[in-house]
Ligand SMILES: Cc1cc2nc3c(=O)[nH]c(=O)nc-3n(C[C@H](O)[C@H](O)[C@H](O)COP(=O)(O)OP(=O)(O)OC[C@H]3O[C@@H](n4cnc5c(N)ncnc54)[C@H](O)[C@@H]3O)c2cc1C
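What follows is one chain in structure tokens, specifically the form predicted alone.
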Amino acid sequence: MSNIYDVIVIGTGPGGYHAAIRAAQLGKKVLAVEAEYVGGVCLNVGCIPTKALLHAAEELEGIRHGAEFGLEVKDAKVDTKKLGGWRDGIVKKLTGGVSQLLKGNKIDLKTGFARFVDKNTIEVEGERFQGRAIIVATGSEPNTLPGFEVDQKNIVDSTGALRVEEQFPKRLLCIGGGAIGLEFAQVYKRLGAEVTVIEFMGQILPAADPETAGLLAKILGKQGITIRTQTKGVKVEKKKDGLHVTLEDLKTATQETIVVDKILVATGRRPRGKGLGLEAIGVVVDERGYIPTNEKMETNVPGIYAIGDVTRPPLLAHKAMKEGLTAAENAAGGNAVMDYQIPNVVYTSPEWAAVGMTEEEAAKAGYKVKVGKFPLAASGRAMTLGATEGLIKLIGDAETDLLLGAHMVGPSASDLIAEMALALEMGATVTDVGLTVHAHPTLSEGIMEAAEHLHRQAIHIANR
């Protein structure tokens, strides 16, 4: 067979292209296979275009509130067509950059859907390729919701919701109070829609620290977004005046109907582990479509690796990237191990971010939990930004002083959480964090203050 490679990577999303490039850096002959578009969901219809819209919406909101600082701008308008063009320009630049990176690292790229023939062979568009090691990085796709079938016009998923220039609604219903639902809720609200978010569970961001998730919900409510937890969508009927959606309050078992112009189904994502022929060659794929791996990202079949959304939650691009590097190094003969200190971020304004354990998780793990907090209302830097609604919260072990987790709501939380991820990676104590000198005035000082508060030594807040 002429098409023989050291490493084959199926999928070129964040995990896939990281794996392919690292394998090439290690001197391996690499083939990357892509069924849709280079860059995967994240760059094309996920992280990147969503953040572009969020930034534009935040800039618009800043203009509207400029008068509070003595900066008056009248008649600010939204050109959704131009906004869409700007969004697409960013995507094109980044995906083009990834294509150039693959080419620059002498990685062959094959377009088409890959299917396993045996543990070392895949078939793509009728052509067979052999790899000494194969890395599956096929990602995920939006979940479906019975009764709310996506048509990308009246009922959209996260991909359809990006098209703000197409039939922008006056009234939007977001089904799902996770990151996707909340981020799009804020974009559409700031661009002029009335927005309602419903969440089946008892809080938005169901797996998050309840205190910080509750604070974010409160702030979004003040911004005019209606949030209803323990609520589910029952059915939808299209009528002349809009989409009539029947909602059920799970607390009272009562139903009511609201009328909207568009529905976003944001009920999570499902892995793309099935349909690749993995089961036929002995690779375990669970009933949900996840491909279990060990800490080296290897499946139960030696030589076949899996990374990213297709392996396990959380479904995050940066998790996939690190898993991709780990898998590539092992596929090249190394001995790398994946460390799951993975920060999680919701890019609303204010942002929510977390890494490590919640109070409940730490208690269940047997730690004697101690908590330190710093409200942004006491932050000089937050005051200068006009963004004092927020909280930095640290979780520590009272017996060893080991830092166990961090949870934040506030501006730049997505950047601030990196310090906490590093601290957890290095096994830092809360004292280490508190002893670290932070520049003044900065938002990062709040991390130091929260650490000091955990030890009841905070300067700028009461130590109760």
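Just so you know, these numbers come straight off a predicted model, no measurement behind them. Heads up: residue numbers just count along the shown sequence, starting at 1.
Absent from the display: the form predicted in complex with this ligand. The rest refers to it.
Screening Leu276, Val245, Ala362, Ile155 for any heavy atom within 4.5 Å of this ligand in the predicted bound form leaves a single hit, Leu276.
Residue-level contacts in the predicted bound form: of Arg190, Lys262, Arg381, Arg269, one residue has a heavy atom within 4.5 Å of this ligand, and it is Arg269. Contact here is defined as any heavy atom lying within 4.5 Å of this ligand in the predicted bound form, and by that definition not a single one of Ala208, Gly214 and Glu389 is a contact residue. Of the candidate stretches 428-436, 47-55, 413-421, 61-69, only 47-55 has residues whose heavy atoms lie within 4.5 Å of this ligand in the predicted bound form. Although the partner is absent here, Pro14 is a contact residue: one of its heavy atoms lies within 4.5 angstroms of this ligand in the predicted bound form.
Residue contact check for Lys296: none of its heavy atoms lie within 4.5 Å of this ligand in the predicted bound form. When this ligand is considered in the predicted bound form, Cys42 lines it closely, a heavy atom lying within 4.5 Å. Of the heavy atoms in Val33, some are within 4.5 Å of this ligand in the predicted bound form. Along 116-139, residues Ala137, Thr138, Gly139 each place a heavy atom within 4.5 Å of this ligand in the predicted bound form.
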